[in-house]
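Coming up is one lone chain in structure tokens, specifically the form predicted on its own.
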Amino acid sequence: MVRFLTEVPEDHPRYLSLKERHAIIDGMHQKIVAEAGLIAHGRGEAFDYILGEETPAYALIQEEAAVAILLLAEHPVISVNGNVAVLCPKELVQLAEKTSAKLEVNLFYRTKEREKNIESVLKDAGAKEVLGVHLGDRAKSIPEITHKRRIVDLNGIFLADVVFVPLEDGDRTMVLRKMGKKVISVDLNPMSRTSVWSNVTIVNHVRRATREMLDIADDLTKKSKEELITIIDKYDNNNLLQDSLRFMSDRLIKLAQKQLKEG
């Protein structure tokens, strides 16, 4: 990051985006992020560029429903992979505290080294307990999944009634739903299997989403159980996904029109 900070001035129009990109690269060298995580980040970056790298109004509705579900859950768990451990560890730790959720490391490219490194990142961010590492007898497998994301903690995702899975795999989202769990995801691609199968899909950048969810949690913790249920009952994930697609489509049209005028 030292090289990046000396080469890119803070007034660069893409400063924050480039800073995140280099943080992900550093995370790969530190054995936190898998190599494939760089590709995944770039794909999300492209969608975020369409959003204008700002939170649309529909995303705030998605984030409110997500927080309401977490607050009403009996055993909420936040699933953490390498990318989110780099991008928003403090936000995830604080969100876990505000919603009484547990944090669990869960990885597609799973190694003992990456498990421990992500655990260290979360503890440095203030986490007192991190599940999904040093599993031993607590290791459980969820059905229908053959890759290593099937391995979950008995005291975490296996027991959970609500799982928050930022930057998730679509196949595991489908299985978690089939297991009767409610799934909250953050996915900048509203057309992915993860987006379609989640109970609540937040189509936004994961760092913006988690930061906004912290403020939302401060507000919703003051509300009654009945008020939280009303928020969830009014929520329609499919409609909000359609809103996100319309937003992206409208923005692309506006960008095209602007370019024609300037050309």
Ligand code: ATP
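Note that residue numbering follows the sequence shown and begins at 1. This structure is a prediction, so every number in the text was calculated from the model and none was measured.
Absent from the display: the form predicted together with adenosine-5'-triphosphate. The rest refers to it.
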Item to check | Answer range among 212-220, 63-71, 34-42, 230-238 for contact with adenosine-5'-triphosphate, defined in the model of the complex as heavy atoms within 4.5 Å | outcome: 34-42
Checklist entry - Would Thr201 show up as a contact with adenosine-5'-triphosphate in the model of the complex if we use heavy atoms at 4.5 Å? => result no
Item to check | Interface membership of Ser100, adenosine-5'-triphosphate in the model of the complex, 4.5 Å heavy atom rule | outcome: no
Item to check | Phe47, heavy atom within 4.5 angstroms of adenosine-5'-triphosphate in the model of the complex | outcome: yes
Next on the checklist: Against adenosine-5'-triphosphate in the model of the complex, would Glu104 count as a contact residue? Criterion: heavy atoms within 4.5 Å.
Outcome noted: no
Checklist outcome for this item: Exactly one of Thr111, Ser120, Ser141, Asn189 comes within 4.5 Å of adenosine-5'-triphosphate in the model of the complex through a heavy atom, and that residue is Asn189
Checklist entry - Along 85-102, which positions have a non-hydrogen atom within 4.5 Å of adenosine-5'-triphosphate in the model of the complex? => result Leu87
